[in-house]
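Just the one chain here, laid out as structure tokens, in the form predicted on its own.
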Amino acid sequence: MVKLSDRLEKICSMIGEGERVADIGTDHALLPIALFERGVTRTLILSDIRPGPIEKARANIDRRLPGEVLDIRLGGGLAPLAVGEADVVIIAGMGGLLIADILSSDPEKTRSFGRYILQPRNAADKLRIRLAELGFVTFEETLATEGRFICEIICASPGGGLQPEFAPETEGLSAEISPLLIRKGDPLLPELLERKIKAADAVSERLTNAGAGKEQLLKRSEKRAADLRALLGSLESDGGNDGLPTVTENTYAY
């Protein structure tokens, strides 16, 4: 059976038996192959915007699932899908802004699918904000590793059924660090915070060396690093936190 990374394994575990799954940007098709091999579901749609990955997907399917024919479609975003033909749409390994654009391109079609499993490579805060703007309910989040990266996985629904335990706010740290991750005490969260603090300190150092004209940006960067440290400290001292450090709107708007 195909071996999955921690990232793909966690996504795989979120799929229910017999659900109709669409994997957008399937690339090597490892996730659909795993779902098929494990008997989770055989109703799979694989799509990619480029012919190259489509050919890679076909080659992997022929090698690992000889004689099986999976539904592979060429096209970008949700365009290859018909309205309502998937229970779960997976969009993983793309930039957060690109995922947000895909979800925004055809709101009626976007809302026709049961739920989404989204794994942005970056800009997860911007994606959370867009989901809120679209009226989505974010009901689960988890962190996973892949190589040297810590990946954020967001599960969201168009609403009208599933209710979140804690809906993330759409500003400051509440968009950058999901309250859902804090509530569940995700074991990778402290390391994610440490990495963000290190990156924020590096930004502050560059802004300090840039000299005059960067004072406002430096102030924002230092405030963000301080809030991240406060959150990390609360996790280390209390073993969790139901809230977030108080921030003001647009505190980190660069």
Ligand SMILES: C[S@@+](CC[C@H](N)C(=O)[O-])C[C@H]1O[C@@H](n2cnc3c(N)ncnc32)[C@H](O)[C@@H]1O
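Computed from a predicted model, the values in this text were never measured in an experiment. Each residue number is its position in the shown sequence, starting from 1.
Below, we turn to the form predicted together with the named molecule, even though it does not appear here.
Of the candidates I153, I129, I102, L180, I102 is the one whose heavy atoms come within 4.5 Å of the named molecule in the predicted bound form; the others do not. Contact with the named molecule in the predicted bound form, judged by any heavy atom within 4.5 Å, is made by just one of K214, H28, R206, R42: H28. Interface membership of I49, defined by any non-hydrogen atom within 4.5 Å of the named molecule in the predicted bound form, is confirmed. Proximity of L4 to the named molecule in the predicted bound form: non-hydrogen atoms within 4.5 Å are absent; the residue sits far from the partner.
In the predicted bound form, G93 approaches the named molecule with a heavy atom inside 4.5 Å. For P120, no non-hydrogen atom is located within 4.5 Å of the named molecule in the predicted bound form, even though that partner is not displayed.
In short, of 136-144, 180-188, 104-112, 70-78 it is 70-78 that has heavy atoms within 4.5 Å of the named molecule in the predicted bound form. Candidate site formed by G18, A34 and A86: none of these residues places a non-hydrogen atom within 4.5 angstroms of the named molecule in the predicted bound form.
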